[in-house]
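To begin, one chain is listed below as structure tokens, in the form predicted on its own.
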């Protein structure tokens, strides 16, 4: 890694630390450069403002979540048997949680600060939301057409499912951090399927054990 990427990476790492400690509103560019050990003028070579470095700090996490949503949610309720659908849903839940675990500091920034500063993230958030909702609604309809699920309104169900992931992961991974993650994955899968009136008896006796 050359000097310039190292300097930019150091600024981003320092920014995440300062935003965690002081919150976005109270953090100053001078705090960030001090933590990074660089001159204040160096900051403006890479970023125009603390808003810009805040966005940059969260971009990696946002892009991973967005990419995973697009890749995995297409297969959320795929499968010709109940077992296949259960395992596909478990894989999506597991992928989401794994990304959060690897990016806890940034996830905390996004949820604690980003959502409250809507002008920074409104467009990105709405983009992720629209992609996720359209994909999940399509998959719910597919599962319904195969007789595995029964739900009155697929759009409402999609919004509720998005809220389940967003709020529950915020609580269990960023506030109450002693949660058994394996158990959390299993319960989320079971909760989602029961909420969508999933027919466990359609070609399988019960939810298979998933570790």
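None of these values were measured; they are calculated from a predicted model. Numbering follows the first chain given and starts at 1.
The discussion below concerns the form predicted in complex with the DNA, not included here.
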- Would residue 39 count as a contact of the DNA in the predicted complex, using a 4.5 angstroms cut-off between non-hydrogen atoms? yes
- Item | residue 29, heavy atom within 4.5 angstroms of the DNA in the predicted complex | yes
- Partner proximity in the predicted complex: residue 185 to the DNA, non-hydrogen atom cutoff 4.5 Å: no
- Message: Does any part of residue 50 reach within 4.5 Å of the DNA in the predicted complex? Heavy atoms only, please.
- Response: yes
- Message: Only one of these stretches, 31 to 39, 170 to 178, 63 to 71, 138 to 146, has heavy atoms within 4.5 Å of the DNA in the predicted complex; which one is it?
- Response: 31 to 39
